[in-house]
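Consider the single chain below, provided in structure tokens and representing the form predicted alone.
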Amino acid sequence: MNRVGIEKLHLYLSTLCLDMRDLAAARDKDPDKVVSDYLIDRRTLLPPWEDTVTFGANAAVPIIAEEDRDAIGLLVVGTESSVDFGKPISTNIHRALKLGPNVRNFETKHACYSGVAALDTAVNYVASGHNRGKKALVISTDFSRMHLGLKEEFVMGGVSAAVLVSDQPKLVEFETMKKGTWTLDTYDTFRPSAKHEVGNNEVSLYSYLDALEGAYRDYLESAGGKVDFDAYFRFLVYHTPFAGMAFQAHRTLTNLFSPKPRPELKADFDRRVRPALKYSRQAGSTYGSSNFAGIMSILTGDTPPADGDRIGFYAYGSGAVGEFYSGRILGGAVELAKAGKLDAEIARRRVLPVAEYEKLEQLRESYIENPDFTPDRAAHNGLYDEHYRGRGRLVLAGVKDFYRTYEWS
């Protein structure tokens, strides 16, 4: 079996964001409590000329070199926010990135598991040897619907990730034979239409934790059962519908497999889990990109990992499925990740006042399933000129009779 892992990885958090303290104050909530409960400082917003397609393609642009275009044989896009119920957005992204014609491409959907479902396909494609030396490009791209004034408003957001998977990994090598899965049919959170994102938060919480326990127990069987929870994983990346959920996840596994007093639990969380939350705290809900955001957080954070450090990953998708798997950090990964200058890109985002955020959400809502519209590039006081014009980002040019047209800025 071939080695397989991540050769390149990049995240895109758009060019707009909302400060959670501003939102809390506007909703008569305690800003300190909101931030401490959810562990979200800012959340991603999308301007009117961006959608799921541009969001995903803009994550990929920085890591796709000219030689990669001919080397990619598979493109899989994971999303629950597609702009079409039939045509996969992988075709739009394939064209935008100018990949070769002999590329198998499709879209995966399983709520927030969609990104790891895409990754699984890519890993198996490379590990099997059927790739004939080709690489796989995985893109995970999602953003939230409008939730103005609702309690869910504080855990909305989005992030897109582009992951180049190959038999010459440079960031993380996956332990392909170690994997655990758990599944159940449930309605916890779901999107019954293009405009609605609904569900039961309590059911979702328990489904998430049940899937975590079930998937981890299955992982232990695949790993031969000889796993010391405290010593085996240097880092743990949990799915983050919001970053604060990671503490509940870690507490659950710790209580089951290595019980300890709360002060020790918190110290362990700070050492092994908090380093993976850097970017989820800037994005809000990370949807299918959670595990990828966790990897980048670890590699670019203040606690540099060592070569060979093992990461335990938990992916969850409402509906529901949980998966636990692992990988090892490779030498040179920190330098490669930091070379992408993601922190500088995020720091340049414009913070919208709450009133302007509300107008943006209402405008975006009016575009959903609208057969004809042209995004207003004059919105947000020169944002397009400052962050897009001449910067090589993909934007939505317009929609005519449902046909969508994209162009590079």
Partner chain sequence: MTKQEVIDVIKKNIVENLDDIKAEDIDPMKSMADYGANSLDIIEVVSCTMRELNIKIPRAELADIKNIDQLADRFVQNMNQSPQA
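Numbering follows the first chain given and starts at 1. Source: prediction; values computed, not measured.
One more form of this protein exists, namely the form predicted in complex with its partner chain; it is left out here, but the text below deals with it.
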State the residue from 242, 143, 174, 216 whose non-hydrogen atoms include one within 4.5 Å of its partner chain in the predicted complex.
242
Going by heavy atom distances of 4.5 angstroms or less, which of 328, 251, 109, 179 would be at the interface with its partner chain in the predicted complex?
251
Mind telling me which stretch in 295-303, 156-164, 194-202, 109-117 gets its heavy atoms within 4.5 Å of its partner chain in the predicted complex?
194-202
Is residue 232 a contact residue for its partner chain in the predicted complex, using a 4.5 Å heavy atom cut-off?
no
Is residue 71 close to its partner chain in the predicted complex, meaning a heavy atom pair under 4.5 Å apart or at it?
no
Consider residue 220 of the chain shown here, and say whether it contacts its partner chain in the predicted complex, taking contact as heavy atoms within 4.5 Å.
no
Consider residue 128 of the chain shown here, and say whether it contacts its partner chain in the predicted complex, taking contact as heavy atoms within 4.5 Å.
no
